[in-house]
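Presented below, as structure tokens, is a lone chain in the form predicted alone.
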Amino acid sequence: MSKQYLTAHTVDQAHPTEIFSLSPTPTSLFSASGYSDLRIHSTVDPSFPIQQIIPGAHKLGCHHVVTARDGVGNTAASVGFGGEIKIWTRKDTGWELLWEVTPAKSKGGDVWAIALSSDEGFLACTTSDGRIHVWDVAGREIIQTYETGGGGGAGSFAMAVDLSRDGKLTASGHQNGAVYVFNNDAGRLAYSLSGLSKPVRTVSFSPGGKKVAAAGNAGIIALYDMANGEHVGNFSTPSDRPAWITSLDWNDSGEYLLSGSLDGRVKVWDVIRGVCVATHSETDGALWCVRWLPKNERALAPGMSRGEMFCAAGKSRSISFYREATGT
């Protein structure tokens, strides 16, 4: 049984260069690109207008921006191609810089992927030498460092990271195909997961933290059970040359998993049945990020759906928004 999603709106030329990252708050959407600005779009207006532009946020452009899933939407974090991490806070007048981690203070190789806990209290980041740091946002200090290469920063490039929504687990995906899960309370490795042999570009915990999904150059989504670290399944569509998967995101109920890939396709997967129930391919260019928008119980404005919505962006420089066809 398939699900129907309709194109709700497309923000054409949302950035001057290709868009690498999207991240929603309850009422807005951050977008980041190879351009120096960060842009914040309203998600309570059916035209998704720009609420704010943060000029010169990252001089060399930004490859990751994150907000807290299930969070109140007062904190965001971003990483630029210069290696700097910036923490942003929402004020009555808009978003402002709260503090910054310069490359010299990141304690390891260049920072790449980041993730923010649901309570906006912790930030996980990966480094090019395989380390994973967990920061206390309020304390502005590293509280955990995980080594994945036997110490001394000899690990494989850590390309992806996620925090479980309760902040108890950190998952990382690596260039050598490894996926690790760490227990933040105990400060140690919980699982070294098998199932992927090619670079892992995205990892994502389910809303309850009971499962983690990982994907990348293999073109397969691997699913793991966090009760025992068991590899419980793969999601894929038949293809001689499957496209690299660049982004994953679970919906709020954990029933569906969203994926974006280099062939420009965004897919919705039924997690229980392990099948793709919807595919959209409105662009031939790479998709770098796909995200569900927080679900609302009522329409926020005329023309806005009450049902589920998601968005996608990448090489086309545009942001496409989709809504569930059954939403009213």
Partner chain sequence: MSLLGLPHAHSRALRCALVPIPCNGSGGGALSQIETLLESILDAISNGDELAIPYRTVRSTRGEDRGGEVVRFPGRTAQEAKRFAALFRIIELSHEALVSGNLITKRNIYYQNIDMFKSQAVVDNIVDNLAFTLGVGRGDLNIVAAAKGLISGDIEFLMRGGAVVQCGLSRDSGFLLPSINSIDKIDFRATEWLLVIEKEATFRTLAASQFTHNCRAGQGVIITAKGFPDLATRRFLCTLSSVRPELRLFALVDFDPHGIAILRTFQNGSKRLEHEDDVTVPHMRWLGVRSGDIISHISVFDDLASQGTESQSSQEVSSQESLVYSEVDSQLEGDRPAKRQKIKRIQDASESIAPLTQGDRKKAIDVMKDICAGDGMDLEVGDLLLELQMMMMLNMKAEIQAVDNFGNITEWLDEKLEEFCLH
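These numbers come from a predicted model, not from an experiment. Numbering follows the first chain given and starts at 1.
As for the form predicted together with its partner chain, it is not shown, yet the points below apply to it.
Among Gln144, Ser128, Asn251, Ser118, the residue placing a heavy atom within 4.5 Å of its partner chain in the predicted complex is Ser128. For the candidate set Gly34, Gly264, Pro294, Pro46, a heavy atom within 4.5 Å of its partner chain in the predicted complex is found for exactly one residue, namely Gly34. Of the candidate stretches 253-261, 136-144, 165-173, 189-197, only 189-197 contains residues with a heavy atom within 4.5 Å of its partner chain in the predicted complex.
The putative spot formed by His41, Pro207 and Arg273 is not touched by its partner chain in the predicted complex; no residue has a non-hydrogen atom within 4.5 angstroms of it.
Interface residue remark: Glu230 is not counted as part of the site for its partner chain in the predicted complex, having no heavy atom within 4.5 Å. Not displayed here, its partner chain is kept clear of Trp99 by more than 4.5 Å at the level of heavy atoms in the predicted complex.
The closest non-hydrogen atom of Ile53 lies beyond 4.5 Å of its partner chain in the predicted complex. Although the partner is absent here, Gly94 sits far enough away that none of its heavy atoms falls within 4.5 Å of its partner chain in the predicted complex. Taking a 4.5 Å heavy atom cutoff to its partner chain in the predicted complex, the contacting residues in 56-82 are Lys59, Leu60, Gly61, His63, Phe81, Gly82.
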